[in-house]
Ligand SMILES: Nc1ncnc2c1ncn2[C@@H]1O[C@H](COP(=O)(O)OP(=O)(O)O)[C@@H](O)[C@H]1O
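Okay, so here's just one chain, in structure tokens, the form predicted on its own.
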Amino acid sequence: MSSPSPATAPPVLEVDNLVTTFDTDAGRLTAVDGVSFTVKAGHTVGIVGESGCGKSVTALSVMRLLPQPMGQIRGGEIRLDGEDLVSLPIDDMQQIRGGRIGMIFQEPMTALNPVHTIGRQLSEVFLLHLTKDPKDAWQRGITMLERVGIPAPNDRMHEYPHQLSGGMRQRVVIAMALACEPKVVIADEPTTALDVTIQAQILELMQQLQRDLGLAIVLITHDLGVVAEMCDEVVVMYAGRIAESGPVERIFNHPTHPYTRGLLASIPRLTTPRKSELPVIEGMVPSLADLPEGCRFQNRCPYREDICGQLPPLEEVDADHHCACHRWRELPAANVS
């Protein structure tokens, strides 16, 4: 029996109607509200939006690393190769983290322990998942550092995080995330703390490793330029809900939701006059403690009408392209030049 082609292969990761809440002094806040997406092997799905939109909470929910006891998954399913992670016992989930799912955190200096050597921290990943032999774990660590392009990996194994540059530390974090050759990698703002040149190197490294290993990647970012470079599909989030989702080319060339249009309009272009001001989305993202009734973008939307007081469903625009806006059929064509 032949293997399914990439186009027909089942998703590696499926997030279905995820609801995540936090119990706070202000009451129970819903940080992720009905979010769904899938990721296939060798594909990258980008999750974008302003700070506070629920991107990182979605990632932490998939990893089941929500702060306890305040953060809880209240609904939906997260399936890895068909296995629901939400109902999995915590001991089993600990084996999946770092084994079948890796995570690249935003700031390597907080992801790495400053008082332990790189070798000790990297070896621990192998000792937890793949081997009981410390010497074997150490050698695997050297091989992994070499794989992510770190020079003199044997020497680096004896060094501490503060002795490495920011780009080197991020490569170590990537090495730890990929140590056990997981099926899925979640990268939460993996280049935010790096300068532009190092950002490009890290993104190129991730693409190369994806090609080599067939990784499914979930990329959390606010940078639409990175999405255009890295992703196959994109999920645009706003105030905990999906505003628009679909193939990257479709979203960038034919944005449908007013929020997506505003984000894309704010990207500087070579054709932008030097002294002209970039368009901005007026207003602020609403507080989770004080969300408007209906569409959560309505208070900032130039196309608002009375119907926007009702919560819009996520409707199909065309194949694999969805939008949560009552008025998307009526809006003028977006200017994406």
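Bear in mind the structure is a predicted one, so any value in this text is a computation, not a measurement. Position 1 is the first residue in the sequence shown; the rest follow in order.
Heads up, the form predicted in complex with the ligand isn't pictured, but that's what we're talking about next.
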* Asked: Can you pick the stretch from 37-45, 308-316, 50-58, 295-303 whose heavy atoms fall within 4.5 Å of the ligand in the predicted complex?
  -> 50-58
* To do: Report yes if any heavy atom of P69 sits within 4.5 Å of a heavy atom of the ligand in the predicted complex; otherwise report no.
  => no
* Asked: Heavy atom to heavy atom, is T24 within 4.5 Å of the ligand in the predicted complex?
  -> yes
* Would M63 show up as a contact with the ligand in the predicted complex if we use heavy atoms at 4.5 Å? -> no
* **Contact of I281 with the ligand in the predicted complex (heavy atom, 4.5 Å)** => no
